[in-house]
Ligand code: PXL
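Below sits a lone chain in structure tokens, taken as the form predicted alone.
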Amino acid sequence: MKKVVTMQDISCVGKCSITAAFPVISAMGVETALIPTAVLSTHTMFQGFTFCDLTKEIRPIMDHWEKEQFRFDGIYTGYLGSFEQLDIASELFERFGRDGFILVDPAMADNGKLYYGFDQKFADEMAKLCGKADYICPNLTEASFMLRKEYCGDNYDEAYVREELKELCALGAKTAILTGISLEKGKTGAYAYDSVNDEYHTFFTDEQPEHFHGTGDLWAGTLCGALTIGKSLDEAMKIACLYVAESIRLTLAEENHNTYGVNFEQAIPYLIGLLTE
């Protein structure tokens, strides 16, 4: 059985980070080990959430894993909340990344702005972490901060996307994937550049009428699971895009649906079907 480890926070209510990644990757037939960086009562869309930092627990976890000689087929990091956690993620790669791929989702910004508590120095350090990965999957905002470029908003074309991807790979990552890309009205998806083979890959779906918190985490977790079970980059991107789109569709079909996450649980049978196509 394939095994991956994911390092990110736990939101007790709110479908993001480990709360989304763990059940989805597990449903894809992959044993999923966890390194929780913090526990929050809810994700940060809510006001007044509680927060418990678990940074001091992470190195002892890795020490124990080394004693038990655990090995993983993939490492996937999501939201990391401090410089120390970036350093620990780098250690995780060094200690357990020899036998599989490394995927970094530099979850730190959106809509032209860094998340609360982050600054350009943090983005610079995140760029260094991305340089150690096989795959990275930033959105355009995150890419702009890591490359120290002005955020383009919706003013971009395919040539701009390709240039951005090559610049991201120049940080050191083998493959860069930009998420949330729209090159045609009514379509959205992902655009990737594999620097090892000098190849571009794309997949787009119909754009949904609403946006929800945590869909980036869901996309990255699905990509991780698909890559772990041996899907090609093209296949993994297709599965991730279609699954997120279906999760949003099912959410919108529910009368009085909530806005803090998508109904990815109801779409898991659809995901399993995608794996057998």
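Given the structure is predicted, the values throughout are model-derived calculations rather than measurements. Position 1 is the first residue in the sequence shown; the rest follow in order.
Beyond the structure shown, there is the form predicted in complex with the named molecule, which is absent from this document and is the topic of what follows.
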Is Y79 one of the residues lying within 4.5 Å of the named molecule in the predicted bound form, judged by heavy atom distances?
yes
Given that the named molecule is not shown alongside this chain, does D217 nevertheless sit within 4.5 Å of it in the predicted bound form, heavy atom to heavy atom?
yes
Verify the contact flag for Y115: yes if a non-hydrogen atom of it lies within 4.5 Å of a non-hydrogen atom of the named molecule in the predicted bound form, no if not.
yes
Just checking whether A27 would be counted as a contact of the named molecule in the predicted bound form - the rule being heavy atoms within 4.5 angstroms.
no
Picking from 233-241, 42-50, 65-73, 248-256, which part of the chain touches the named molecule in the predicted bound form when contact means heavy atoms within 4.5 Å?
42-50
Going through 1-24, which residues have a heavy atom within 4.5 Å of the named molecule in the predicted bound form? Please give them in sequence order.
D9, S11, C16, S17
